[in-house]
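In the block that follows, a single chain appears as structure tokens, in the form predicted on its own.
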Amino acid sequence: MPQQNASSSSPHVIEQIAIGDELLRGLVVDDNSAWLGREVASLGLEIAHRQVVADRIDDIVAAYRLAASRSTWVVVSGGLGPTVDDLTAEAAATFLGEPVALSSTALEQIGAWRAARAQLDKTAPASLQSLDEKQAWLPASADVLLNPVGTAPGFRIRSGDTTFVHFPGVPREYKKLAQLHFLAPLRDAVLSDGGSPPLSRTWKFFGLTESAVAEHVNALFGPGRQDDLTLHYRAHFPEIHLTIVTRSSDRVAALERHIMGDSRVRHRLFGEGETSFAGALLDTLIGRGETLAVAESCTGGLIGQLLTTVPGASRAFMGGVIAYDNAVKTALLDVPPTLLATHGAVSRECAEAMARGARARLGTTWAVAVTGIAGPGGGTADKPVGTIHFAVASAHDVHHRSVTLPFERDRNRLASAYGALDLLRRQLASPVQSPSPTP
């Protein structure tokens, strides 16, 4: 959450209205609002208010009236499609006290989009469809906001000192139209007011709590609010993100020195900006010309999923084995049956054998392995739920670490995937020379 509202004196009071029964029922997560909040923050501003309303004209009109009483910009998402529950245009007209009218501009845009789509996809209709016209009925005074990536046009209306911009709820379309028709003019307005977009820097940590990061930062800036900066803390399990927004480059540099000057914090820092945890690790491996294999038991392929989400992962990640059953551990990773009988699958010995086996089988520089009890059942007095063993194998040795995680099953699995990769990340950061690229 933000520590300080750096834009409290701004003339731009921004509000969001998200329309849709599916949002209120929890069937769809409103990622659009989260994305817009980050974009607005990059301009040194904040979303002052946010409303989520159902697909009912009375509710939408009430939301408009409240927004018009307190905000200068209102970004409305959803309800612009061709179906009977898409009521935003009608509600906007009701709010303005005017009729809806068929917009020839909107209709032409929909027709042009249909024709262009048909050129790319021969199975797509090239002409207007029966429901397309509904999306072109807009409030009579509305300005059409062209949509280059979909059929539903956006539109803009004004009421007193308040400007309402309306975008489709489909994330791809929402983001494109918001960039073109809201963020760009908002940036221009900020500049015309004599302001300038602030500096923004984000650091990402794994293995620290939000409070631990905040305590470290407070040692530099103090626990109170600051007039010349905003600090944002985001817990994105199992990561913690710290963002500073300020117009002072000295403040940014001071915080960077403070982070890098404490080894306990620096060693938990894995990246900045848009860098992902797996992406940072892969960048290091690619830069060193080294490769990676994985052996997974309790994570069930989650490590591989994290790695392959990163574009270009194949330059370093060779593949892996999901060895959930002991027979697979033996057949594909060469874990001795006697080892499993003596120590069990959830043990240091098994994790190390899995890592060695994956590295040998796939011929990689490194291999990581994880085995454990994610829960909710399966624990014992000696090995309770949350017991996890990690291992990293190289040409020279095998490193092991064990933890007992306190979370529920899904979080235990995700934290385990991170923990396995983090053990490798620490090995890569050590001053010891890396092993030969092949076994």
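Note that the rigid core is defined as the largest set of C-alphas that superpose within 1.5 Å between two forms. For every residue, the number given is its place in the sequence shown, counted from 1. Small disclaimer: the values here were computed from a predicted structure and weren't measured.
Note that the form predicted together with a further copy of the same chain isn't included here; everything after this is about it.
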| message | Given a 4.5 Å cut-off on heavy atoms, tell me which of 132-140, 359-367, 184-192, 346-354 is the interface stretch with a further copy of the same chain in the predicted complex. | response | 359-367
| request: Considering only heavy atoms, tell me if V294 and a further copy of the same chain come within 4.5 Å of each other in the predicted complex. | output: yes
| in the predicted complex, does R225 have a heavy atom within 4.5 Å of a further copy of the same chain? | yes
| Would R413 count as touching a further copy of the same chain in the predicted complex under a 4.5 Å heavy atom rule? | yes
| said: Whether S159 contacts a further copy of the same chain in the predicted complex should be assessed with a 4.5 Å heavy atom distance threshold; does it? | reply: no
| task | Could you tell me which one of T202, T163, T246, T308 places a heavy atom within 4.5 Å of a further copy of the same chain in the predicted complex? | result | T308
| query | Considering T230, T284, S276, T72, which brings a non-hydrogen atom within 4.5 Å of a further copy of the same chain in the predicted complex? | reply | T230
| query | Are there residues in 286-308 with a heavy atom within 4.5 Å of a further copy of the same chain in the predicted complex, and which are they, in order? | reply | V294, E296, T299, G300, G301, L302, G304, Q305, T308
| query | Against the rigid core, is the Cα displacement of M354 between the shown form and the other one at least 2 Å? | reply | yes
| request: Take the rigid core as the frame of reference and indicate whether the C-alpha of Y324 shifts by 2 Å or more between the shown form and the other one. | output: yes
| Does the C-alpha of I373 move 2 Å or more between the shown form and the other one once the rigid core is lined up? | yes
